[in-house]
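Heads up, the chain below is alone and in the form predicted alone; it's given as structure tokens.
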Amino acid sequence: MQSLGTRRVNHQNDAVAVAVAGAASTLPLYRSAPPLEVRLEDFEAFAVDRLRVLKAISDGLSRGKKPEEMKNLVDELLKTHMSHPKPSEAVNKDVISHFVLRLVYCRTEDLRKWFLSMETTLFRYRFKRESAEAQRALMADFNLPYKAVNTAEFESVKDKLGQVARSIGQPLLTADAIFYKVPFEDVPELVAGRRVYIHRGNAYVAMNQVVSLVVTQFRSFLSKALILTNRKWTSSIKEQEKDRLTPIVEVLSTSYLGPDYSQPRESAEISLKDIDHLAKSSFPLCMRHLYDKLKEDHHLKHGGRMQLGLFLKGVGLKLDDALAFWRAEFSQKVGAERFEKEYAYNIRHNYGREGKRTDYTPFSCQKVISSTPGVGDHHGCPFRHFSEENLRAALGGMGVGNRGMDDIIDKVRNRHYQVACTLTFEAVHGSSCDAGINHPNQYFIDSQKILQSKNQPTT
């Protein structure tokens, strides 16, 4: 039986330089922040690229992708977002982006929990990509107190190990198979899945299962590191970097990473006469709810006007039509004169025609979800803010059947609000949305594409 190998760590960039039978790994363990000078634009850009990876992993897990699908997804994400023409720079980008996001996500318990889960998942899939030699070297770096089972002990339990291997569809044992004997409580997921042989309180873990050992250690280390980072952030970093890094750190956890919907795409334009029909066919639930409440009450508070108004701007409602739209509704409640005095300015402001002349961007799902509507408000995300009873009624009004509704409610209970919206889109349109819904205007555009394709005459 072989024992754990040894390796050297390049502390300059926290990357692994493995020296076991010529094996090499660039999988960092993120033990200490690298002493590198980072340009401010790279500080943010690297973090955004890593965040794209973590959010896509989160979406894949939430949608129940199978292990092989997740493996392929992670491979593609790393290739797309974390690569660099220079291998050394790719390692630096990896390490820098991790530590930037560690700052971003250390600040609250919910943020820490999400980051810990996604980083652990990413580490798991990256570890499994390594060669057996590199994996043993990584194990050695964690100083795991486990030794490979010697030949005599292996022979004494070989039959039992073979039975377990066959039961879980693993290859037949060979003479040079490597197993580690560890306390069973150190591999809870293997025990729960009945994927190891347990004898006298110890689990016999095959080399192809050591990922569970390493991931447990990685998760434990990162969990503690996030707490320490939070203390440093609160006590010193936040104030010291208030004019430079703090604004970037505080916005990254809620930043939208998709396309810009501040202007209608492909010269798209909707008119006043289209809105009723479009609201029923292509508005996401958050916007449909606001639209229905506006029609019912002839009024929306500021948060609702902003959320719906910028959405309508993004899907192609011109300023003159927007003024006419809001005037027609509000005048029934407050009168035309008061509308012109108190509300028309804000509508022109949203279109960049007043004040700073800023071209305001429609709200992303992340911004909608993170809003906190008060009494009498109707903005925000229905999947987060509605009671289950009200949500079921609203989904039923959109034509979602009982089976689809149960799946959606299940995602809501687990706080996967965007996945719930994606499932709603699929149920309403009878079409898959593999990219997931990340923006209300994306929902509208994708809906229109599907409906228009269905209405095209066949030749």
Partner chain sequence: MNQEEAENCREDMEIDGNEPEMPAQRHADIIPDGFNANYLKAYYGKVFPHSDIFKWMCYGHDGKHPGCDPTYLSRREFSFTLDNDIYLRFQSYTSAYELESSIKEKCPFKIDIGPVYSVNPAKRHAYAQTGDNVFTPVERELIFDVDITDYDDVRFCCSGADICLDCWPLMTVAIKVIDTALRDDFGFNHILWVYSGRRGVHCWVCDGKARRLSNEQRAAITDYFRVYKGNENSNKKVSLVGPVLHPFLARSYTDVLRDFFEGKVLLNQNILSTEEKYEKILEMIPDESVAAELRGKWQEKRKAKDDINVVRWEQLKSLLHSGKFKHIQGLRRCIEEIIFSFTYPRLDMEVSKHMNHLLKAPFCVHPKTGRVCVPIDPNNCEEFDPTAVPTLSQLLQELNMSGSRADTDDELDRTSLGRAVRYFRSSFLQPLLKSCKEEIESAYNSRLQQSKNSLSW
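Quantities reported herein were computed from a predicted structural model and do not represent experimental measurements. Residue numbers count along the first chain shown, from 1.
One more form of this protein, predicted in complex with its partner chain, exists but is not displayed; see below.
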Note to self: Against its partner chain in the predicted complex, would Leu144 count as a contact residue? Criterion: heavy atoms within 4.5 Å.
What the structure shows: no
Note to self: Please determine whether Phe184 contacts its partner chain in the predicted complex, using a 4.5 Å cut-off between heavy atoms.
What the structure shows: yes
Checklist line | Partner proximity in the predicted complex: Tyr197 to its partner chain, non-hydrogen atom cutoff 4.5 Å | finding: yes
Next item on the list: Spell out, yes or no, whether the shortest heavy atom distance between Gln163 and its partner chain in the predicted complex is within 4.5 Å.
Entry: yes
Checklist line | Of Lys341, Lys224, Arg231, Lys86, the one that lies within 4.5 Å of its partner chain in the predicted complex (heavy atoms) | finding: Arg231
Item checked: in the predicted complex, the residue from Ser271, Ser387, Ser167, Ser156 that sits within 4.5 Å of its partner chain by heavy atoms -> Ser167
Next item on the list: Spot the stretch among 238-246, 189-197, 312-320, 333-341 with residues whose non-hydrogen atoms come within 4.5 Å of its partner chain in the predicted complex.
Entry: 189-197
Notebook entry, point to check: Heavy atom within 4.5 Å of its partner chain in the predicted complex: which residues of 334-354 qualify?
Noted result: none
